[in-house]
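Same protein, same chain, two forms; see structure 1 and structure 2 below, as structure tokens.
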Structure 1
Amino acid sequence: MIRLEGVCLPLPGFELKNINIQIKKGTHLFLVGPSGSGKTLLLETIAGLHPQVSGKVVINGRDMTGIPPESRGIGLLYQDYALFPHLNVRENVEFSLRARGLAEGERRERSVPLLQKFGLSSFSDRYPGTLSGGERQRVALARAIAAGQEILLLDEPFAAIDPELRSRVFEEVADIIQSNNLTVIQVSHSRDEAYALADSVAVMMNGTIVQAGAREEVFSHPKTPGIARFLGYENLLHCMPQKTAEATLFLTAGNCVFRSQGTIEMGSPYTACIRASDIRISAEHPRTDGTLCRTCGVITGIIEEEHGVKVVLDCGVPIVARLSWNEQANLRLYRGQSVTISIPPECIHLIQYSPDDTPYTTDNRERTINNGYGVV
């Protein structure tokens, strides 16, 4: 439904560079990446707000070169809502329907269910200036969906919605998108949102798409350590494969020995990407069995978080683990304690090492621990 071919947009101090991607009809694509990577700019380019773009934006088989935004059949929702202050909630939601000449009865037929779904019915006669940020964002989202466009471009649509309401809005939005077979490109910094809603994910860095694919493929198999770090892998360990009598193991620069999974090249260094939540901690003595390798470590820090604790360990290299409150209550971990860690092989994602990977030195060791990344 949407195809970008060699799209470039040069701007002072920044540019979109050689964007190539295809998005099928009915797909919910999440566009993720660090702040300033060009995500919102790419949405605006698809919407037609930047005429100086080169390359092709093709929608439904039609080259959009020279086609103005209002003729592209796209709804664009910004973070700042862009509601009309002189219109009440219902009038804002119905604005595009009125502009298309729909009668009042038809407008109400479209708007009333949306107002109910987004929890807006009780203040449909209020004006944007009297609403909270989350309420205004829900109005803007309902208005974008009411427009009936086949394509929605959403820029952080849930950023200002209260946490207790967010999960319900997720469900309602997912239901509306699926029931209307809408094609959605959504900018977000939230991995939770992506897991809840996305079919596909595209990662942007420095003005270009560095990886794109199905959600599980991108999150489970990042192509580079930089992508892995952005996608939430707290531990990036530079390691070398080593043959043993039993199996092929990965030996890190510290004391850690982890069992490998998949095909590897002997003599070639790798970066092992491991999520903190996949690291298991126990008081057992280190040993190797048929599935796991266990390694000693010393706890150097315990940081309380909303849903549990972050445990920083020295295993010859800095390792970060995350435990639930129940796990911490059972283990009763403390700073300075010697423990054993283990990692299931299927939880280790391997990337062949390149000179561009962040090296481990004594100079960046403290910075690495403070940032929660175990980089060797």
Structure 2
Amino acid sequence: MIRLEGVCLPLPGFELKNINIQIKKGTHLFLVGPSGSGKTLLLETIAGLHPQVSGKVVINGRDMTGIPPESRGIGLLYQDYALFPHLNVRENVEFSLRARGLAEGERRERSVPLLQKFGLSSFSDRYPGTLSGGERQRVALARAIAAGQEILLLDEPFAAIDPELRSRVFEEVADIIQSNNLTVIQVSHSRDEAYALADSVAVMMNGTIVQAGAREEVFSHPKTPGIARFLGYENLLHCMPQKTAEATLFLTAGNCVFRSQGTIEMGSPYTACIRASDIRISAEHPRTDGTLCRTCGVITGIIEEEHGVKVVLDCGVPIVARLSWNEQANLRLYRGQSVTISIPPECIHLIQYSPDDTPYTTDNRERTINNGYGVV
């Protein structure tokens, strides 16, 4: 288990602030957050590369204060894999064994099965400069595994791989992690990667962890609009609850009315977080039925994307929806068209509104949340 207790790292122009988190053994934690939020710095701090840290890094019950990186049993993989360019593949993989003082014969004995396992035997004499992105990644992983580390810190390991190769590499990495029962903390910008690999997710902003928890919990219940925006909620609508005889309805700032689930505090404003892909569009007239609230809007823009179209609507407030190519082919939406939108209640995540809530900033409430341990 990895436990961070009040970890702070002041550096010129940036600092890690009061980081508290527990990561259970065998967990694959994704550390996500905007660029410059301190994710890589946190990995390096856990690895012991910044001795000026305050607070505690506890690994398997042992306080790592003052323990140098080489004695922590933590492997670190950077985005560019940081292979030693003057050493060939075999020498890279054997580096940790050499550092431990193993004789050449013993090093060879241990590295051969690893090279075979990772499919590196045929080019073990080649140098990193001659390898492809996928090959380099395998070498870096083999090198980390050879060290026998139980904890692996991955800093955007898939960023440098071609998109076609990425899904295959996802599977390979997942296999390696599972078969070696590794505890992994992985930095990523990609929500797809997190969905595919993560057991749990921690969101970092402005040098601190603002939310941590199980993957589904974090993705479906972001604690602040800033986190929601980062996690892919394109629509953040300020709204007021209105009680009706039938159900609790919410009125947005515009003419958009929709129904939601959960316990609501009346008289208190909320931010409704809605993913663009959860908004349905139809050409029917607006009406209310048992499950959905429908409201009308006018299409102000249609932007073609890789997997479909992004539709920008004016419903009194700007709303963004996403449709697949098939849906667009059926609906034949066009700019200026009046349409009806509907949002399933379970797709609306409500956060009590605060004037301080701005995307990608740490507000007071986020700091309060961070005062307790996020156990993942």
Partner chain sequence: MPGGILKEDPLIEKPAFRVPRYDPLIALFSVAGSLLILMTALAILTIAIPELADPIHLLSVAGDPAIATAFLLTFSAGCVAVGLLVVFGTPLAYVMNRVHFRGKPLVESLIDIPLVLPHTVAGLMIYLLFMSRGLIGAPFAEAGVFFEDAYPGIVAAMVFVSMPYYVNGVREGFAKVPVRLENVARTLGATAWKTFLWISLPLVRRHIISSGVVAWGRAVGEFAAVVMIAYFPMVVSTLIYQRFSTGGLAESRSVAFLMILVCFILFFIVRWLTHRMEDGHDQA
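Throughout, residue numbering runs from 1 along the sequence of structure 1. Each form is matched to the other, and the largest set of C-alpha atoms that superpose within 1.5 Å is called the rigid core. Please read these numbers as outputs of a predicted model, since none were measured by experiment.
Assignment of forms: the chain in structure 2 is the form predicted in complex with the partner chain, the chain in structure 1 is not. Shown in the overlay between structures 1 and 2, fitted on the rigid core, is a CA shift at Ser190 smaller than 2 Å.
Once the cores line up, the CA of Val169 ends up less than 2 angstroms apart between structures 1 and 2. Core-aligned CA deviation for Leu77 between structures 1 and 2: less than 2 Å.
Comparison between structures 1 and 2 places the CA of Gly133 4.1 angstrom away from its other position, after core fitting. In the core-superposed comparison between structures 1 and 2, the CA atom of His86 travels 2.9 Å.
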